[in-house]
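This document starts with one chain, in the form predicted on its own, laid out as structure tokens.
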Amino acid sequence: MTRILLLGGTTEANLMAEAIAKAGLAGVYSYAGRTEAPMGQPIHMRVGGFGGVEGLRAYLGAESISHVIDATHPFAAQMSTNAVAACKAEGIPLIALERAPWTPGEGDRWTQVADIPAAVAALAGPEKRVFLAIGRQHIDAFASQPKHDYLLRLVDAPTGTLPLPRAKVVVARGPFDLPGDMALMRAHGTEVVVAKNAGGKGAVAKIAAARALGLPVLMIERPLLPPRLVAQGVPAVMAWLNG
């Protein structure tokens, strides 16, 4: 019997959950629990971590999981790494539903950096107005560059004091559009955008807005992951499930 664990939290995962439900397959959609109000799904949902590789292995066995689809964010490196290890140990087939990364085009002013520490280091120098469009997980790293005026766009309002003394928070959930992001950057007087190369359509508006406004972008490249089977669309994953 097919029983799918869908590691989600992305637009692609939501589309995958719809396809699983439409096909009449049994599945569990797993959220990491980083947002306060995750979207409802047409298949069973669980929220929270598994407790590392061993915890995930135990879950796979207890729930009789036959297939795992990793549709997490491209920067959820720990979860993806754990999924590869757990599935290999349990002999369970795994596929990653992975969106293609963005690539620079005409008019883009990208400086590509390897990781968060490299992005922090690249902000050394005179104070600027920075659109820090990286989510909330890695905000603390930028506390070593406190001189900048930061604009943060978060899914949930912060519950405590931010580590950045000069920060403005906008609470919003994507997808975002070009006119809205251009207006946001103009209102803030943004001089540089810091972004993760997440790919996809839901958050690309900030990259297009930076291009339209002639702004530089510090683009953080994706983390390296263990080898795994990768698909870039729901139909390809469904074909794999039915193969």
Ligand code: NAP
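For every residue, the number given is its place in the sequence shown, counted from 1. Please read all numbers here as calculations on a predicted model, not as lab measurements.
Omitted from view is the form predicted together with the named molecule, to which the following refers.
Heavy atoms within 4.5 Å of the named molecule in the predicted complex map, among the stretches 71 to 79, 118 to 126, 159 to 167, 84 to 92, onto 71 to 79 alone. The closest heavy atom approach of K196 to the named molecule in the predicted complex falls within 4.5 Å.
For the chain shown alone, Y59 is not a contact residue for the named molecule in the predicted complex, no non-hydrogen atom being within 4.5 angstroms. Although the partner is absent here, T103 lies well away from the named molecule in the predicted complex, with no heavy atom inside 4.5 Å. For T111, no non-hydrogen atom is located within 4.5 Å of the named molecule in the predicted complex, even though that partner is not displayed. None of G180, G51, G214, G189 but one reaches within 4.5 angstroms of the named molecule in the predicted complex through a heavy atom, and that residue is G51.
Along 109 to 137, one residue reaches a heavy atom to within 4.5 Å of the named molecule in the predicted complex: Q137.
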